[in-house]
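For reference, the chain that follows is the form predicted on its own, supplied as structure tokens.
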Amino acid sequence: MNFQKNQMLTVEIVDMTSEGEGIGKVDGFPFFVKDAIIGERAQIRVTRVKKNYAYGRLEKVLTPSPFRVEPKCAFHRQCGGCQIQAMSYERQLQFKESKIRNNLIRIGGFDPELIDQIMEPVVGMEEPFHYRNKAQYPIGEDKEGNPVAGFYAGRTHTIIANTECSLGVRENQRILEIILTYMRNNHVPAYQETTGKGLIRHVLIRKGFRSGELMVCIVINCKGDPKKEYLPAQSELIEALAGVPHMTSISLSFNPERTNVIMGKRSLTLWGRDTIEDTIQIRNVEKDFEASGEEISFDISPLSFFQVNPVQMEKLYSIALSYAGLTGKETVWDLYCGIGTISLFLAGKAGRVYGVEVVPQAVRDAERNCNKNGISNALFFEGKAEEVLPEKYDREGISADVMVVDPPRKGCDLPCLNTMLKMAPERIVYVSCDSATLARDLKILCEGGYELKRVRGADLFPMTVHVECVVLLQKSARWQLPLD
């Protein structure tokens, strides 16, 4: 059967992709339909036809799925940030657990029976909205030339004007309205990607969930001159923002480059402190994540990497700490350590912790946070893990009883995995934000002699298709040195 663009069809949605698209079939031919939910009958419009599959746009839900709910955000379909907001939260957790399981089996090659035996229930949220402690809003103009803030429509750079995101903290809306009003009153132009002209590009807002402290960093199209005032009526804007309760830091980030990178390389604090503070608690995994009373404080700058969901971050890192099985004597390496969040969790239970991070500013932040908490048994190295580890292992004889890795979405580089195998820690705890690259890396580590012992997902990104995962690997008798 030949399908044509704009053709209207009726499909039954029988499955979902890992990216949250509904899958339906017409005469055995698969269609991928964004915003459609498993278990519903829908009318779609054909948008693209390939040789073996096609795409369709959801036009009308004819028979709703039992898992469909009314979304909180009116823009959820256009925005693309909340791919599965129309799905019940209970079903979202099932979807994410299946995503992890399927990737481990399909990509990692693990036995389904093994995965079902060792996989633990995904950890969800009691209140899966307003959980993000960080938001970056692009600033643009509408058709009338008025400044707007919001989010890019899915796979575009068209801004959907929306200052009330259901995932962000409630203070975001007031802060954005202050900045937009200031821009209108003082005729401050928004940055235009097509021309490279205009002044204000983005607004970064961060909040400490326990401290309540707020940070605003305005990204401007300017190199930065210490002798000039960067914004028209700058004091007016500072005064208005400083009036927001718990405002702690107001700064500028200078980014004159024609790039998709949001933050510039230089920044300037206009008011208040350079950083905000927040505190996270270590939780008892065996007692339903009950607070243990142990707390760690962090100074967070505009450029600091800090998990955007602090409520779930406590649970995620507490799982990692539990999997590490520390007794107080172990030497632990924390790779891709960032500002030392996991390292400081581990330090209280380990003999010695070594953190490795390639970003210089993150290493400095980690050292400062270590001192801030009075921790003396953690040391941080700047560089790539595959370069730092051999030097410390071969030349200085620093071994590893436990390794913890928390790489970016692309996973670990092969040289890093081989170095881990060479150092042969008894246990490896792998924290991942992408279960596909996780499965790929686990296959290499297990072929090198490790056994997969425990797996657990943690939902740090409700309403989206993303899910974090923690796994425990144990060295087995089959371990062998990797080939060069």
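This one's a predicted model, so the numbers in the text were calculated from it and none came from an experiment. One-based numbering along the sequence shown.
FYI, the form predicted together with a small molecule isn't displayed, but the following is about it.
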Distance check, Val359 to the small molecule in the model of the complex, heavy atom within 4.5 Å: yes
May I ask you to state whether Tyr336 is within 4.5 Å of the small molecule in the model of the complex, using heavy atom distances? yes
Can you tell me if Tyr191 lies within 4.5 angstroms of the small molecule in the model of the complex, counting non-hydrogen atoms only? no
Could you tell me if Gly168 has a non-hydrogen atom within 4.5 Å of the small molecule in the model of the complex? no
Of 199-207, 105-113, 127-135, 305-313, which is the one stretch near the small molecule in the model of the complex, taking non-hydrogen atoms within 4.5 angstroms as near? 305-313
Among the candidate residues Glu164, Glu141, Glu386, Asp299, which is the single one with a non-hydrogen atom no more than 4.5 Å from the small molecule in the model of the complex? Glu386
What is the one choice in Pro147, Gly264, Gly81, Pro407 with a heavy atom within 4.5 Å of the small molecule in the model of the complex? Pro407
